[in-house]
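A lone chain, given as structure tokens: the form predicted alone.
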């Protein structure tokens, strides 16, 4: 009897990944009001003090459990709506308006924060260690100098899936064709330390279907080059170069997430576009908005897959599926104690997929589909 492959689907990890997690844009959080963020199995409160600094604490007051995100900002502190205990960004209770003194043990959990390129990050570590200096989020060159448009930004709640589903996309060359309507012609991965990069080149199916293939990676009309890097477990910086004839548009796409529970997460994505000389800010902003909308349509297709697929710990792979198991080994480093990180989780690993067979098949399929469409319309 032929052996049937079975699916192994263990439970997702209960702990949350160690690393920096983006929780939103500064412009949406720095308004003098407390904001709630459901993350890491609890609720957080985010607020900007009068000095301009952004702070993050556990949202539930250690006095009687009031929700600080429903309170008010008082100077540098957030005041609980229940009894107005005033909490500082360091986690210490700074004042109890009706009391002669603050109990020495009046402390709550404060979360380390980082502001980078108009985004707010919080550091999560189940062991309680501070963020290492060499594990950070890079700045976008020229962003602070106004060379890029303002952020377009979107949030999508994904329930019933663990964050690992997003990470798997880093090595999944074929899904770009079937989900995102692209035609990959070059695909390579490099993992090293806490960083994971995907190098991609290709074109859209629409242009590939015209039969205008000149050579691998070069198409008349439109092409895309992408260098996408995960800086830790949850923050992807994708540098994109989209070429249309003689014009190239440079953009940066952010795909990030933070876990809500062990089986749900908040997906965020946004884009800035490098301003095109000769165009005013309004026109540049319209370009960024349109590009983000088109990319967002692809993300929603990903979400549809994640919401309906099963967890699979033993995927059955072909060579062109990429180094899924090696990627998951890299990702595992964020779910174990620092002392338990193994060399194979962080040592340099490179893998380039031979796209020849895939491109030949997909190109022929697209040409046939285009011809059938023309025939049906005749």
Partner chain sequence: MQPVDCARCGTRVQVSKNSAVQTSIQWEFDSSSCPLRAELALGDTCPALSDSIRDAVLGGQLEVASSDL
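Keep in mind it's a predicted model, so treat the numbers as computed, not measured. Positions refer to the first chain, counted from 1.
Separately, the form predicted in complex with the partner chain exists; it is not shown, and the next lines address it.
The partner is absent here; in the predicted complex, the one residue of 275, 188, 180, 92 having a heavy atom within 4.5 Å of the partner chain is 188.
When the partner chain is considered in the predicted complex, only one residue from 54, 324, 336, 353 comes within 4.5 Å through any heavy atom, namely 353. In short, of 282-290, 155-163, 111-119, 190-198 it is 190-198 that has heavy atoms within 4.5 Å of the partner chain in the predicted complex. At a distance threshold of 4.5 angstroms between non-hydrogen atoms, residue 317 is in contact with the partner chain in the predicted complex. The partner chain is not shown here, but in the predicted complex it comes within 4.5 Å of a heavy atom of residue 229.
In the predicted complex, the partner chain lies within 4.5 Å of some heavy atom of residue 329. Within 4.5 Å of some heavy atom of the partner chain in the predicted complex lies at least one heavy atom of residue 347.
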